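Before any questions on how it binds or moves, here is one chain, the form predicted on its own, in structure tokens.
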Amino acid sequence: MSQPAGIPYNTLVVAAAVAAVGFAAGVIGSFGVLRRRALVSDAAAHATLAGVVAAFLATGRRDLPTLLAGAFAAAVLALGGLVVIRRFTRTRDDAATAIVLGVSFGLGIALLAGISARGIPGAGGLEHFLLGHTAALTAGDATALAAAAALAVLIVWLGLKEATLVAFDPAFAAATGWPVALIDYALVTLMAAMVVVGLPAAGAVLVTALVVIPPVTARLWTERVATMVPLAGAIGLVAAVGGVATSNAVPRLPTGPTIVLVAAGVFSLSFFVAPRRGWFARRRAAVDAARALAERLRAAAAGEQTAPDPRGA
């Protein structure tokens, strides 16, 4: 396979992996947005830093699979804590999410600061999981991330009908015998896994944006889930490739924030020009409705003026 002149092979492999992660994040994030679980992924994302540091402290290894395994375990524990708080304390969803997010992220920062202060050998570079650091990925790491992203998309494709039904009408799904709670937990766990896979690209702080912005943008363009899901994946892919390309072209520009900024740029454009939900379309519809109402009022007033007065008969 030939490669563009001037672009190292490892850069192309990493770009392909990040593109796969961006596509999968958009696909899986669609159901989180439809099910109103976006902040749940944020709580899981902020817990991953503690998992990364804990995995390093427990094993002394810094290879990506080990660190991501720790991140996934921490994300699942955070989601479990979220369920416990909501179920046994009657705390509202937003407050419970804020508690889990703040505590887990604070723990991660404390652990990271602790190993830095102690000068533990081999701990250098763990701070890159805050904002992502694709330059540190090897070809093997990139291949593993792409494979994990592809597996996540395959799982969603196999359960697309069930996931869509639960996202739109959980009451009907439960009445017809579907295990709504199990499907819901499976979707949340899949979002947590996607957050973990996206860590090297966007980091614990920004990876939620990679899961949320593409589906929200796609929602502006379509009303159909069958169109929204692949469109969100395509937007995530474009944001990932655009972020990597821009970061590669501009020295010292971090990849993770750049990916998020590209995604935000696509959202901003869509906010204005989307055919039905865009600002210009909604503004035009409002003007047309006001004009139609004014014409009806004028017609009604003209009809009242030309109608004969029954008292003068």
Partner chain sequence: MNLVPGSEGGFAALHAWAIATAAVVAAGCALVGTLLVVRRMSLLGDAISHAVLPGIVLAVLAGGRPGGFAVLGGAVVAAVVTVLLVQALRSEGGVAEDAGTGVVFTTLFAVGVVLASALARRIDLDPSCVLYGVLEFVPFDTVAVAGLEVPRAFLTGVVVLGLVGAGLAATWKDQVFAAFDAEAARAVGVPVAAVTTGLLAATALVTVASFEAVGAILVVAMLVVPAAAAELLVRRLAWMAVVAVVLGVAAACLGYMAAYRLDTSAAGMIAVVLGLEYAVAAIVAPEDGVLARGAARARLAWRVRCEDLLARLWRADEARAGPPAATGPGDWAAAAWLRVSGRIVRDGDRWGLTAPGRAEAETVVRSHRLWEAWLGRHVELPLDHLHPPAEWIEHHLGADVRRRIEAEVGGEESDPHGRAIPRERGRPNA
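Think of the rigid core as the biggest set of C-alphas that the two forms share within 1.5 Å after superposition. Residue numbers count along the first chain shown, from 1. Quick caveat: nothing in here was measured; it's all calculated off a predicted structure.
Only in words, not in the display: the form predicted together with the partner chain, which the text now covers.
Q: Using heavy atoms only and a 4.5 Å cut-off, determine which of 274, 266, 64, 38 is in contact with the partner chain in the model of the complex.
A: Flagged contact: 38.
Q: With the partner chain left out of view, choose which of 136, 73, 238, 85 has a non-hydrogen atom within 4.5 angstroms of it in the model of the complex.
A: In short, 85.
Q: Just checking whether residue 68 would be counted as a contact of the partner chain in the model of the complex - the rule being heavy atoms within 4.5 angstroms.
A: Heavy-atom contact with the partner chain at 4.5 Å: absent for residue 68.
Q: May I ask you to check whether residue 55 falls inside a 4.5 Å heavy atom distance of the partner chain in the model of the complex?
A: Output for residue 55 is no: heavy atoms all beyond 4.5 Å of the partner chain.
Q: When the contact criterion is heavy atoms within 4.5 Å, does residue 91 count as touching the partner chain in the model of the complex?
A: Residue-level check for residue 91: yes, a contact with the partner chain.
Q: Is there a heavy atom of residue 245 no more than 4.5 Å from a heavy atom of the partner chain in the model of the complex?
A: Residue 245: no contact with the partner chain in the model of the complex.
Q: Using a 4.5 Å heavy atom cut-off, indicate which stretch of 230 to 238, 193 to 201, 115 to 123, 136 to 144 touches the partner chain in the model of the complex.
A: Checking each option against the 4.5 Å cut-off leaves 115 to 123.
Q: For residue 269, state whether the C-alpha moves by 2 Å or more between the shown form and the other one after rigid core superposition.
A: False for residue 269: its C-alpha shift is below 2 Å.
Q: After core superposition, I'd like to know whether residue 254 moves between the shown form and the other one (criterion: C-alpha shift of 2 angstroms or more).
A: Yes, because once the rigid core is superposed, the C-alpha of residue 254 moves 2 Å or more between the shown form and the other one.
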